[in-house]
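Starting off, we have a lone chain in the form predicted on its own, written out as structure tokens.
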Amino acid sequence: MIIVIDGPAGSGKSSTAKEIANRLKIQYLDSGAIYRAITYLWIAADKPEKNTFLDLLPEVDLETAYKRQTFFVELNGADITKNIRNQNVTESVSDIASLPEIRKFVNGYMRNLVLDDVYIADGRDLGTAVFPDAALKIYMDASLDERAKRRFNELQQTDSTAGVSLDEVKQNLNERDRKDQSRAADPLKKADDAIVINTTGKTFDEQVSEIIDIIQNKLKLKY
């Protein structure tokens, strides 16, 4: 069974989904981390042309696991969990994720991953394109200002050498929103049957508790 949380960058999807997984003792899948891993691979390969890069994908050894409250990512045997959160990856991930062939590769990986067990996953198009038959769909949103503050704080904690300003993070998020919503392949949008949760002005515990209540009421999952 899969529960999905979609929404724009910085809306709190990942941290919320991880906390829910911890409290309900279910598996967590970070779809954004997988796209970041592919973007990291593209950068590490010196940003090759599209067709050249796509030829690399069949040989990619991608391993993911949620352990110790962290979504670990290994690419070709190397742990890149921290590397994929760097600003250079953030600036390019929407462009790479917009390629239909990349989305097909990542979607196939995720569908195979969740064949067994109960998962909660967060992303952009999980409820509309990847898991249209998900047991429960949540769409999280927040104001651009609040999302920028969250992402800026995250960068400060995970990449202190990034040297980016809050305004630059806000501009990046605004551009990512535009690209995510306008891409031809699986654009960001709310699924018709998704429950909308606006987290602007809410504490982290408030948004987590609200979604857990929905899960318990709809699916009868307990702590």
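What you see is a predicted model; the values in this text were computed from it and never measured. Residue indices: 1-based, along the sequence shown.
Just so it is clear, the following notes concern the form predicted in complex with cytidine-5'-diphosphate (CDP), a form of the same protein that is not shown.
- Only one listed stretch (88 to 96, 75 to 83, 135 to 143, 112 to 120) carries heavy atoms within 4.5 Å of cytidine-5'-diphosphate (CDP) in the predicted complex, and that stretch is 88 to 96.
- By the 4.5 Å heavy atom rule, the three marked residues 31, 36 and 151 all count as contacting cytidine-5'-diphosphate (CDP) in the predicted complex.
- Within this chain, residue 189 is remote from the site of cytidine-5'-diphosphate (CDP) in the predicted complex, having no heavy atom within 4.5 Å.
- With a 4.5 Å cutoff on heavy atoms, residue 180 counts as touching cytidine-5'-diphosphate (CDP) in the predicted complex.
- In the predicted complex, residue 211 stays away from cytidine-5'-diphosphate (CDP), with no heavy atom inside 4.5 Å.
- Although the partner is absent from this view, residue 9 contacts cytidine-5'-diphosphate (CDP) in the predicted complex, with a non-hydrogen atom inside 4.5 angstroms.
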